[in-house]
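In C-alpha cells, the next block holds one chain alone, the form predicted on its own.
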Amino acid sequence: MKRLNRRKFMATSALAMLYGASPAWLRASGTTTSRTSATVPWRNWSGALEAHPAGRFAATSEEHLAQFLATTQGAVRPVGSGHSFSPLVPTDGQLIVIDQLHGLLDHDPAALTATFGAGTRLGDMGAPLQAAGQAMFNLPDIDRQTLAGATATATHGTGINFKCLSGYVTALRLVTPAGDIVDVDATSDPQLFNAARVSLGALGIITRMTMQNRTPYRLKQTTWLEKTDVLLANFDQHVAQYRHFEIFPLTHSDYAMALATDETSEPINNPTPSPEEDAAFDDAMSGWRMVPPAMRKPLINGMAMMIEPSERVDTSYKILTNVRSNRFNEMEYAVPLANGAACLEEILWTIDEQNLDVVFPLEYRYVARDDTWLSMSSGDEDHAAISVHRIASEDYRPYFDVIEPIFWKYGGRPHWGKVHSLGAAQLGRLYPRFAEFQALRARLDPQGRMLNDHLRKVFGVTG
C-alpha cells in the first residue's frame, strides 16, 4: 500500500469519518428534559439533550432583555448555539435567545481590546478583529459556540501559556434576573467579575464582553503520527518547543497523532484536501471497524504507519479552529499537570483491558491557570485536559460511566459544557471558591430563576 497524506487527519471534520462514522447522525439517548408543550422542542448540537420550553424570548437589545426580566416571573435559561453536552440549557421555562446581540461593538487600537455582543459566534470574530488590527490569543477547537456560552463554560484551546477564553475577558455587561443592567470589570467589582467570567449562565444574562487581544499573526501547523508512549515521554519538551502542542491517542492502538503549531511568516498554504486524497484514505480505512476491538491493534497500527506528516499555514483563527460536521458527545476533565500522563495511560489501558468498542480518538493537551472562580484551571496550578468522545448515534453512557471515575482518581475537574455527573458536594472539594460562588448566585438570583434541574444539582439547591 502506498503512503497516505491525510493533512487534516483528526484535526478537522473528518475526525469522526476517520473511524467510519456515517455522515448521517442519530440522536443518542442521553439526558433529556421532555415535557408536554405546544412550543417547538429545543435540542442541542449532538441531539442528546432535548427540552420543551414554555417559550422563547429573542432579545433585540439589552434594554429589551432587561424589561422582560423585570416584568416577568418564572424560570429562564440562556441559550447559545447548543454546543454544550451537559444539560445547562433544558428548561420548561423561557429560553432567552441573544443571537441579535452580536457583532463587533467597539475596539481600542492602543489597548488591543475589542467588545463584542455576547451572542457572537466565535467563528464570526476572526475577520472583524483582523480588519481592526487585532487577533485573539487562542481559540477552542470548535468555533460555532457563542462568546457568552464559551466563556460561561470555561471553554479553552491548547497551550501551557494560554488560559481559557474567560481568562482574556477584561469587562462584561450582565443583566441580572431582576432586570438590572450592570457593567463589571476587575476594578468595579472584582468578586462578581471573577465569578461572572465562568458563570454557567447562573448569575444572569451576559450581553457583551470585552476581550484582551494581540496583533494579527499567522500559524504553521504540523501533524504526524508517533507511538503514544514516545509522545508522552517527550510531551513537555514539545510543549516548550511549540506555541501549541497536543496529541490525539488512537484507541486500540500504540499510536497517537501529534499536532504542533507555531507562529510563522511563511506564506499561506492551506488548500482543501483533494477528492483523490480523501478517497485513498477512506479506502484504506474501510472495513476495519467491523473487526472486534481486541483484534484491531495490528490494523490501526499498520494504518498509522502509512500516514505521512503534513503541514498547513494560515491566519491564526483559521488554524486554531475547525469545522466539525459529524456529531458526537464528549466528556472532558482537567487534572493537575503532574497527573496528566498517568490519567491518560490508565484510560487507554482500561479501553483495551475491557475491550470497549470505542472508535473515537482521545484528546490530550495543557491549559494555563487563571484567576476565575470556576474554570477548570482556576487556582495556583496548570492542568492537563483529557477528552473522550462518542459518536452521536451511539449511547455514550456505558463508555463515559467507566471512564469518569478514573478522572476522579486523579483529582479531575469537569468541563462545565461536557458530560459529567458531579454535584455540589464533590465540586465544593475541587474548587476553593465554590462556596463563595454559591453565595453570590443566591444573592443575585434569590428566586432561582436561572436554575434548571442540572444546575440545582451542581449548586446544591433544593426545593
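Numbering starts at 1 and runs along the sequence shown. Quick caveat, the model's predicted, so the values are computed rather than measured.
The form predicted in complex with a small molecule is left out here; the points below concern that form.
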{"query": "The small molecule in the predicted bound form: contacting segment from 410-418, 52-60, 427-435, 395-403, heavy atom within 4.5 Å", "finding": "410-418"}
{"query": "Triplet Phe245, Met331 and Ile386 all within 4.5 Å of the small molecule in the predicted bound form via a heavy atom", "finding": "no"}
{"query": "In the predicted bound form, Ala256 touching the small molecule (heavy atom, 4.5 Å)", "finding": "no"}
{"query": "Contact label in the predicted bound form: Gly80 to the small molecule, heavy atom within 4.5 Å", "finding": "yes"}
{"query": "Close approach of Thr155 to the small molecule in the predicted bound form, 4.5 Å, heavy atom", "finding": "yes"}
{"query": "The small molecule contact at Gln145 in the predicted bound form, heavy atom, 4.5 Å", "finding": "yes"}
{"query": "Candidate from Pro249, Gly340, Gly201, Gly126 lying within 4.5 Å of the small molecule in the predicted bound form - any heavy atom", "finding": "Gly201"}
{"query": "The single option of Asp189, Asp141, Glu226, Asp236 touching the small molecule in the predicted bound form, heavy atom within 4.5 Å", "finding": "Asp141"}
